[in-house]
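Shown next as structure tokens: one chain only, the form predicted on its own.
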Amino acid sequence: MSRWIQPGDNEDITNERKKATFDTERMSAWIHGGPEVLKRRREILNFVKSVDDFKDPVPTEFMSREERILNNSRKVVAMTDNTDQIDGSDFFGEGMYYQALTMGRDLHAMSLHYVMFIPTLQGQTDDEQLDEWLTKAISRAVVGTYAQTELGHGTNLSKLETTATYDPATEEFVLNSPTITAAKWWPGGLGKSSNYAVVVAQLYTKGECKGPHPFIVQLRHDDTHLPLRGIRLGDIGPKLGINGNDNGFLLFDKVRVPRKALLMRYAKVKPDGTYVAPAHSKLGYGTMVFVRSIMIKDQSTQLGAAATIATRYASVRRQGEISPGKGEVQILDYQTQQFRVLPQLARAFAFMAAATEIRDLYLTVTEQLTHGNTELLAELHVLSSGLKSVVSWDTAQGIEQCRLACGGHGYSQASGFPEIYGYAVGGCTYEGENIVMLLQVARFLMKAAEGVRKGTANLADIGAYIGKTGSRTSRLTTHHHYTDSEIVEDLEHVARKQVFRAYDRLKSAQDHLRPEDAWNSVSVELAKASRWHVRLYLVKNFLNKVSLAPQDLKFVLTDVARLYAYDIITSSIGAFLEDGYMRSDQMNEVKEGIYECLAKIRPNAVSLVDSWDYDDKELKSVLGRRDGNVYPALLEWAQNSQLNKTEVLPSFEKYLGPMMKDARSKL
């Protein structure tokens, strides 16, 4: 019997679990990387549940912002007091899971300390700086953040306005914010929590600007925590989500720091002001690539959670009759509900598969960089940029679809959707605005296209399709015989066609425009090319991963993978029908394939979401709770409202009561 079935559960959700045609536990192990990883997840979960300091006094939805920040700070200290419970080197796996269980869908005073500050120290300090700072950071003797984004500039790093001017007379850099728009803006924990930061500033030496460089800077006094002289900083106010974190602003007024404040693994400034450039111009991108890499897994986890909530709720919510007189049906029985929710689940599976691959590639590149090998760095940057953009956008849209699929209750914070959306949608902007990321990918694609046209292309596997000739028409006969290779060929055709459409338009525009104006004039087509490049990768990678799955899981995973691919194809019908590559009857076959996948996934839907192994503590949703007992739980949750602490509110005594009394006196 499924471990997800327990006495007292809602009867409908229990019956759904009994329908499963696969072993849920084996699917969980496949998703998360094996039985041992799954075992460790359960051990970490049991530990977190056993520690009182990790528990919230009331649901966080009912806390004020000040209460949330205080509560999160309490929990993060407890969490980092107990890091011996996890493998600290496995941030992708145990670290992210431990934090998700402890902090929920919120950040905390030390989020950037661990995700940006420490990795930057590890990646960009020289040996002497590493000895000085890393132990302090890991031991929590200091709390750091990463201050790059400014009020006036985010993605365009070359135009950051904060300056660091070297003074050889004192061997110091002078940090300054010359304008309001030079204010650092958005860094997590900067407002009130961090006392140190890696600050990215334009380096000036010997009268020349050498571009943005990272500096480690003390912001607040070690004991009093007051801002140091010349430093102005604070909280930027409430946001759409993640309000348990004090995102901050920072301005410098001619603040002096020692020469060794410049992180010098790659670029250096000698005592006399001589600048030594890094051997490779892209080496400093490592930290940002790392963050984008883990973002992909985080986004897939959030979309998986949304799909879990919507699927479980749809299995216990009964509404309307399909056959008159037969009683109300589970809303999951409606094909329209399946069409809304199940493609989001398929996306989550595809994104998790990509997250695993990007993690492995990141670790490979990190190892190569230690030996001075930068061969894969550009490819990783392109892949992580494109995946970050497409995955975060599709995740945000998917979460909203899942919310809408839950009707009125999906609008309540009890559902978990507002928090999931507020947390995940930020990923469309932070660590690189999505459209800008797509245009970075496009530069790689245009270079590849030019190489193909000139016969000089040397393309890795991910871009090899650009150099293929390909068939003039789709080989699809029926959806029952639509092979993985044929699906990939059809996607390659559309991706390749869009790449060369953008390339040809760019070359034409360059005949009469300056290069930068030509690029801007075709930027919509360039972004489209990048999206197809990434979606092709996602489908190809997912199909490949499923082909290697155990036989007893492969049959249901094939339905999920096909649904993902078919959904992409039918969402862009015109691209496939263009120039007669596909016929309308072939496209109808793909549509029929979608409906068949929905029908085949339907009896396995609840067990598929169970396989993601979300405990109620991680899911944080009344609608998506494991036992399916949604309605009594909603009523219980509502009792936490501050408005229910008294029967009569001051608003009645002061305004509504007098209004009604006055009106009655005049009747």
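As the structure is a prediction and not an experimental result, all values here were calculated from the model. A residue's number is simply how far along the shown sequence it sits, counting from 1.
What comes next is about the form predicted in complex with another copy of the chain, which does not appear here.
- Although the partner is absent here, T370 is not a contact residue: none of its heavy atoms lies within 4.5 angstroms of another copy of the chain in the predicted complex.
- Interface membership of K468, defined by any non-hydrogen atom within 4.5 Å of another copy of the chain in the predicted complex, is ruled out.
- The shortest heavy atom separation between E43 and another copy of the chain in the predicted complex exceeds 4.5 Å.
- Interface membership of V142, defined by any non-hydrogen atom within 4.5 Å of another copy of the chain in the predicted complex, is confirmed.
- Here the chain stands by itself, but in the predicted complex one stretch of 349-357, 446-454, 189-197, 86-94, 189-197, has heavy atoms within 4.5 Å of another copy of the chain.
- The candidate spot formed by W30, Q122 and Y581 is out of contact with another copy of the chain in the predicted complex: none of the three has a heavy atom within 4.5 Å.
- A heavy atom within 4.5 Å of another copy of the chain in the predicted complex is found for exactly one of R259, R318, K210, H479: R318.
- Checked against another copy of the chain in the predicted complex, the residues D461, E516, D272, D127 give one hit for a heavy atom within 4.5 Å, which is E516.
- For the partner-free chain shown, G426, C428, T429, E433, I435, L439 of 426-444 come within 4.5 angstroms of another copy of the chain in the predicted complex, judged by any non-hydrogen atom.
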